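Below you will find one chain, with nothing else, as structure tokens; this is the form predicted alone, and questions on how it binds or moves follow later.
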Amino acid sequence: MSDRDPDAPLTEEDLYEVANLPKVELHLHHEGAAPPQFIRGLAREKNVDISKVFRKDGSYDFQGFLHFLSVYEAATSVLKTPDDYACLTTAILEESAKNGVVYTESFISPDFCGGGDVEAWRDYLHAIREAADAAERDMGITLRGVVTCVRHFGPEQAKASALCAAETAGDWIVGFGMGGDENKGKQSDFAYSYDMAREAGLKLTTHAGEWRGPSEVREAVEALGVIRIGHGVRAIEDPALCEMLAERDVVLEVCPGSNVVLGVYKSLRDHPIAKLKDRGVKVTVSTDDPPFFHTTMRDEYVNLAKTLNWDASVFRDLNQTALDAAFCDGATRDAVAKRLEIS
């Protein structure tokens, strides 16, 4: 507990402490974390013209969520081989480690890594794991994988992703989730895939309550049995749902910077993360697709600190929540706890 007056303005020393805390991130899309310079370089190597997805300053260029998805998939299109994904993994973890992340869970889709074929997926996964192991040794950052299906690719395609997840479940592939366009279909359409992943021992999450309202979050919990929700911020519109999330210990993977850039909320001051927390809902902080949204984990922490007057003690609590909600095994959790200096 901090003895600081919560109403006192933060000092530069307070902000420095917040910025430099070790961090746990639970919501990171593997391809969405690709630095634009990495993707541009790969496109040049492969003689692929994706210049339209970049602004003049070299950053990703999109307007709104659906355009973001199309730019995301265009950028992903140059990632063709397991070696490409190994290099991508190294680039992602270098950037995360620079921002103090000591543990991250990344959403990785077999749709982009082998087209949903189990044996091809194994090849991609092997390359990603080798790069992750090297990063853990050299940078002190631990990565675990959460296999994701893509909602707008449909329920049948999701079954192929779930099979890939089930066939490689273990100490590294630790969860199953769903991303993509939340306005396509229903959460319950994907119950078969989630049942397959659950039977394989994987822990479950899904994107919900970013674009659709609180009923989407409720359906995700009740139809799919998830224990985490990607985003979930629209739950704030239903007090009874907030109560249910708190009672069931469902954890929200909140990405404030992403929500503001994409227009879910007008500004960080309008964002409901503090209200959700005050209602007893367990919240964590992540970046989602950081280079797309011009953010880092350090930026997320500092911006929230400035906006909400949260000091380092609040972020230590959020990190504890994130570590408790991580899908990894106990030995990994204990090792990460030491890095966070959590007793």
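Worth saying up front: this structure is predicted, and the values here are computed from it rather than measured. We number the residues from 1 along the sequence you see.
Keep in mind the form predicted together with ligand ADE is missing from the figure; the text below concerns it.
Colleague: Spot the stretch among 176-184, 135-143, 96-104, 192-200 with residues whose non-hydrogen atoms come within 4.5 Å of ligand ADE in the predicted complex.
Modeller: Looking at the partner contacts, the answer comes out as 176-184.
Colleague: Answer yes or no: in the predicted complex, does ligand ADE come within 4.5 Å of a heavy atom in every one of His29, Leu69 and Leu262?
Modeller: All of them do, each having a heavy atom within 4.5 Å of the partner.
Colleague: Taking ligand ADE as it sits in the predicted complex, is Glu300 near enough to touch it, meaning that at least one heavy atom pair lies within 4.5 angstroms?
Modeller: Output for Glu300 is no: heavy atoms all beyond 4.5 Å of ligand ADE.
Colleague: Is the gap between His271 and ligand ADE in the predicted complex 4.5 Å or less for some heavy atom pair?
Modeller: Close contact is absent here: in the predicted complex, His271 is far from ligand ADE, nothing within 4.5 Å, heavy atoms only.
Colleague: Can you check whether Arg228 is within 4.5 Å of ligand ADE in the predicted complex, heavy atom basis?
Modeller: Contact check for Arg228: no, nothing within 4.5 Å of ligand ADE in the predicted complex.
Colleague: Using the partner position in the predicted complex, report whether Thr168 sits within 4.5 Å of ligand ADE, counting heavy atoms only.
Modeller: No - in the predicted complex, heavy atoms of Thr168 and ligand ADE never come within 4.5 Å of each other.
Colleague: Which of Thr90, Ser258, Thr76, Gln157 has a heavy atom within 4.5 Å of ligand ADE in the predicted complex?
Modeller: Filtering the options by heavy-atom distance leaves Ser258.
Colleague: Quick one: which residues from 275-294 get a non-hydrogen atom within 4.5 Å of ligand ADE in the predicted complex?
Modeller: If the 4.5 Å heavy-atom criterion is applied to ligand ADE in the predicted complex, 275-294 yields Asp288, Asp289.
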